[in-house]
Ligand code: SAM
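Heads up, the chain below is alone and in the form predicted on its own; it's given as structure tokens.
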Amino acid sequence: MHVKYLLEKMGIQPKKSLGQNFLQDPNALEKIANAAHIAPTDTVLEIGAGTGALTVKLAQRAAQVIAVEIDERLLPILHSQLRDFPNVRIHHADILRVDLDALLGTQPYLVVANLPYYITSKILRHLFEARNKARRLILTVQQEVAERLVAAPGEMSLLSVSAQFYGKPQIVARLSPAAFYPRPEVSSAVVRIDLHSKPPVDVPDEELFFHVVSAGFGQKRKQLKNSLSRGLALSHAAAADLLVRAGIDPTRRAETLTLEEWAAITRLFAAQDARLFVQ
């Protein structure tokens, strides 16, 4: 049944505050479900089940679907649309408040999600920081966000460093605004992220690694020596020396660094005697 009709029948207006743009194009739904490469034994966590259009596609392929939806107005639609699928569990919750390890235990799982732009980074961080991480993420995001996730050195951001530290992102499909209701003003893309079993670079501590990276991007338009000096509470001379010993020109900017270069800075920073960094 058409998404617009379902919503109107229930007297529901999409909420801009929740970034609600519901997928409605059958071809787009099929592309997303196919991109997940779901096996009959898989468990799928769907974030933002909406009206259940994609949930049905997932339920036809997976052993179990845990469909999380924050908007309680949509629950009657979900229960109605999914009544013939006993392998679907509907979970009314804000995904950011869900303890993923309690919800999923130690079982392997995949994530499929249609993410609003304003909350993409927070949800990704929540997924990446779970003890039992998903094997694969299939995310529908704004095209601009998709391009940031797969960016190469020269155009890197904190988001792309995070995504590429935890997994291998790739754009697998592009969706026009017409695939959604209501129609957004921008195009979207489907990103697949296959998560690493371990980080691709050697760091002494993940939290410290992201502390260093966040410091580097804290003043994006400044040279790296200045950003790290401020973000890591180093003297300018110490920040420049740290970069030189990592084999990095102190005048470079954060967006030009590779993951291995960030890891090299982190390793050196972790090994320093704190007395050397007195301002």
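Here the structure is a predicted model, which means the values were calculated and not measured. Numbering starts at 1 and runs along the sequence shown.
Only in words, not in the display: the form predicted in complex with the ligand, which the text now covers.
- The contact with the ligand in the model of the complex, taken as any heavy atom within 4.5 Å, belongs to Ile119 out of Leu159, Val150, Val172, Ile119.
- This chain lacks the partner; the member of Leu232, Ile70, Ala238, Ala35 within 4.5 angstroms of the ligand in the model of the complex by a non-hydrogen atom is Ile70.
- Proximity of Ala49 to the ligand in the model of the complex falls within the 4.5 Å heavy atom cutoff.
- Taking the partner from the other structure, the ligand in the model of the complex has a heavy atom within 4.5 Å of a heavy atom of Ile95.
- Ala264 falls outside the set of residues with a heavy atom inside 4.5 Å of the ligand in the model of the complex.
- When the ligand is considered in the model of the complex, Leu127 lies well away from it, no heavy atom lying within 4.5 Å.
- The stretch among 189-197, 205-213, 159-167, 107-115 whose residues place heavy atoms within 4.5 Å of the ligand in the model of the complex is 107-115.
- In sequence order, Gly19, Gln20, Asn21, Phe22, Leu23 are the residues of 19-40 having a heavy atom within 4.5 Å of the ligand in the model of the complex; the partner itself is omitted from this view.
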